[in-house]
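Take a look at this single chain, the form predicted on its own, given in structure tokens.
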């Protein structure tokens, strides 16, 4: 009886189901191509998903709290652009990196302050700030590509014991935020905020302060992602972050994070990122046309959102 209940619990656990899906997907694709399940290819996949994976960590915290942010792509563009322009104009790498990182954090703090004080719908507020940050990025770059001139390569292009540094950063960020949500009061408050904001208020939780803190965490992860991206690419342009917001939301939802808030895990979101990365990599290895790749990824995302929404309504 106990084993039966435990099995039922596992089968209702979306993270466990996603893990089984990943295993099945890897087995199927490996049987179709001998190049898929190799250490070099798996490390390549992890390196490819590093930026979106780091962003997804912050996006997961935002969604868990009942929010949503569609401005993070332009925040990354602005952050990376500031760093590249400063390095191109002769600033030291350390100063440029700190400035670019600070821009990302401040941008998200602004989002958090506006959303928490006005109590407006987050997606509407971030739609507006998305346009603002994109405009600032265009002003900073002048619409041109700015090269790093060979500087600041370690974070995006180096290896440590044959493991790409972006992969190490991805793992470190996931572990740190996982611990933050699991063992600190802030983590419990995030889940309560997303599940029922009124109940959170009645229980004495500082709604405004915690929402601002949520977007601050998001800003930190966005800043780290921006630095990894600009270091890896070696240049910056005002639109380089476009699309990352949608991919991070999709990965989180695929990983079992409820779009309604209050439910999900960092581990599940990470597995969602990995699944999207493996699907894209497998389609490339199997020489599937890029147009069909977009269709396949779109279908996966739509199905994940439908399943997540239906599951939240049933509960």
Partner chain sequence: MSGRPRGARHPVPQKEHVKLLEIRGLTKTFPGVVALENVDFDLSAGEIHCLVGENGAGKSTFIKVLSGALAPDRGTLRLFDAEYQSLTPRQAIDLGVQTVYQESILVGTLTIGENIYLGHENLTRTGFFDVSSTMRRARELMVSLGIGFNPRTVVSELSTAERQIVGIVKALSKDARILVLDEPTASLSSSEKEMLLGLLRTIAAHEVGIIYISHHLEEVFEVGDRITVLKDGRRVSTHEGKTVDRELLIREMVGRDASLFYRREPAEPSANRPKNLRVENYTRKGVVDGITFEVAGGEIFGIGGMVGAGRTELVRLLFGLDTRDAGRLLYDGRDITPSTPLHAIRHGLCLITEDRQKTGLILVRSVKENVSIARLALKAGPFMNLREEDGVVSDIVRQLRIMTPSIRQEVVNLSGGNQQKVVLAKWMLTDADIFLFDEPTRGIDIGSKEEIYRLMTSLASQGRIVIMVSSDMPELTSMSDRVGIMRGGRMVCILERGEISEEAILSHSIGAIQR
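Positions refer to the first chain, counted from 1. Fair warning: this is a prediction, and the values are worked out from it, not measured in the lab.
Not pictured, yet referred to below: the form predicted in complex with its partner chain.
Listed residues 139, 202, 120, 94 were compared with its partner chain in the model of the complex; 202 is the one with a heavy atom within 4.5 Å. Exactly one listed residue, out of 130, 212, 87, 192, brings a non-hydrogen atom to within 4.5 Å of its partner chain in the model of the complex: 192.
In the model of the complex, its partner chain lies farther than 4.5 Å from every heavy atom of residue 232.
Residue contact with its partner chain in the model of the complex: residue 184 places a heavy atom within 4.5 Å of it. Taking non-hydrogen atoms only, residue 149 never approaches its partner chain to within 4.5 angstroms in the model of the complex. Residue 158 falls outside the set of residues with a heavy atom inside 4.5 Å of its partner chain in the model of the complex. Across the options 176 to 184, 141 to 149, 215 to 223, 73 to 81, residues that bring heavy atoms within 4.5 Å of its partner chain in the model of the complex belong to 176 to 184. With contact defined as any non-hydrogen atom lying within 4.5 angstroms of its partner chain in the model of the complex, the contacting residues in 243 to 271 are 262, 263, given in sequence order.
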